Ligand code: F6R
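Here we start with a single chain on its own, the form predicted on its own, put down as structure tokens.
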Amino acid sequence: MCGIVGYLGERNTKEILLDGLKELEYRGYDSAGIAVLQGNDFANYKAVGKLINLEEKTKDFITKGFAVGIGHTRWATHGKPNELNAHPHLGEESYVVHNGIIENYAELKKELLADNIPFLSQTDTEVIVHQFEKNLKSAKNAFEAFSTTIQELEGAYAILLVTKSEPNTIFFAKEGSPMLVGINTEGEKYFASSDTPLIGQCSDVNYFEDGDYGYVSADEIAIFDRESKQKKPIFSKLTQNKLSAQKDGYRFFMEKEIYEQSDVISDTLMGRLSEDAVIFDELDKNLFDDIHEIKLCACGTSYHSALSASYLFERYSKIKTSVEIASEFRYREPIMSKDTLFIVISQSGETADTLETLKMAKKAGLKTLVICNVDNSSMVRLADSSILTRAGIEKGVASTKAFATQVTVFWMLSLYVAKLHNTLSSQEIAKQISLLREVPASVKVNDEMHEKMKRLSKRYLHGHGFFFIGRDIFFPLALEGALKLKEISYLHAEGYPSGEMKHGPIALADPELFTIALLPEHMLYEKAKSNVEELSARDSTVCVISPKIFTKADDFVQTAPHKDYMLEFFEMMVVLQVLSLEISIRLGNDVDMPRNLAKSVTVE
């Protein structure tokens, strides 16, 4: 996650950097910082929490004349969210900001420590500036030292570095993390990790490609590829419509957010997976001591992610798990025992009913944990512990990437507990971690699939309702698919366990009842197939989503073959989201702002 900005010019550099960071604050607000180099003097400011804290710290700081500056807003990965771990990170005469993760930082840090180079932070980023200054001692110039440093790094990164040895220059590198440079007619240069901070400041931008590195001064933009061959920047006009830029050409924010899921899940995983263990630095190692039950409490989409989690906790962690609807739980005088870990789930961290159940659990003396997307929210401040999903701002009212990242966190957490309680072998945990690394690829939207959903959508605009059905963890996914359709299309839809059809709901089966059936290859396929055949025999119109061809379906969406049911889960999730999106668009609805709903439900 995280956001970076950079500036070379003669205006008030502080204001330029802070304005840019405001546009990127949704990418992280554990901490923020700026470093400004004017002549031979550095000014550096950092603050924990939201950007307003950094603004307060810098209120008396002003630059006059030419200066270079870099800024950063952070999601914590390596190291806790405090000022020492906030960017920019300092060497003897240089500062650096960085998005991404340096995978070989431990070995680089070990060598630097052996050379008696002191470290102030717990971050992987700090090795970059120290490695650069180490190389600078033997290099001809700063750019040679920077080039050598980049070649020594492994991982994903977008890097900006400034140093006193070249006080009118910003050095940059990009590998797997977005970054661009912008220009205007006044000769100013801007860096950012997305285009929105540059709107209104720049006329043209160059989007760096993976492997690009180089430097920018007042007079020059020098770009080199991974083979060290210099290349010319390719500038394109920057839209001046901020809302359009935020949508990045998509028709709706919801569509954009469906497509973003691959990137945000990568952010969710970042820094939390080793080869054989899940790492949650934010959790106290004693959190699960004396815990014999997990109780999950949420509303809406978050409730569906909690239901999904219950299958994972009992299957992998072998711990008793129950799931509660927050609006019901808070009024039924529930029995709560102190050997229960109480977990609440909320995208915003402000959902009123869920927040009240958290207060109940705290009052009853239970250990509490929140899974949330918004740091400094009410739930995060109240709970004993928190895990942030790192989904970024979700503007579409119907949640997509929040659900995807919540389930990803729960999968990781179930393995984390499994290792603590020795309920899975090391080999099985390593296998599961390998599968987790494949999730970002499994949620990438395939153009062919999206086009198929557009064509299918015209067949599902009438009738008297929808059944979404699935077994095991695909039952919560069916519930979520039905909710997505209800929220944005206003068509009646219900989610059911496939095996429950014959216990009453199948009475509704006829050609005007549409059944969306989830048939994963690796989870109870034959059982679920029989349930679908029962509906087909009673003339229900059936759409099957499966990697295995199903000849009795009226419509068939073939997903990719996967080695595990959880990868099938995530791909089918995307199919359901896109289908609901296209049905709603065809009906002419406002996808992002469906009637009667709000993004954060802060009233009872």
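Throughout, we count residues from 1 along the sequence that is shown. The structure displayed is predicted, hence computed values, not measured ones.
Below, we refer to the form predicted in complex with the ligand, which is not included among the displayed structures.
Remark: of stretches 343-351, 117-125, 507-515, 524-532, the one touching the ligand in the model of the complex is 343-351 (heavy atom within 4.5 Å). Contact annotation: of the candidates T405, S302, S414, S489, the single residue with a non-hydrogen atom within 4.5 angstroms of the ligand in the model of the complex is S302. Think of it this way: in the model of the complex, the ligand has a heavy atom of just one of S193, S399, S498, T169 within 4.5 Å, and the residue is S399. For the chain shown alone, V96 is not a contact residue for the ligand in the model of the complex, no non-hydrogen atom being within 4.5 angstroms. In the model of the complex, the ligand sits beyond 4.5 Å of every heavy atom of R74. In the model of the complex, the ligand lies within 4.5 Å of some heavy atom of L483.
With contact defined as any non-hydrogen atom lying within 4.5 angstroms of the ligand in the model of the complex, the stretch 195-216 contains no contacting residue.
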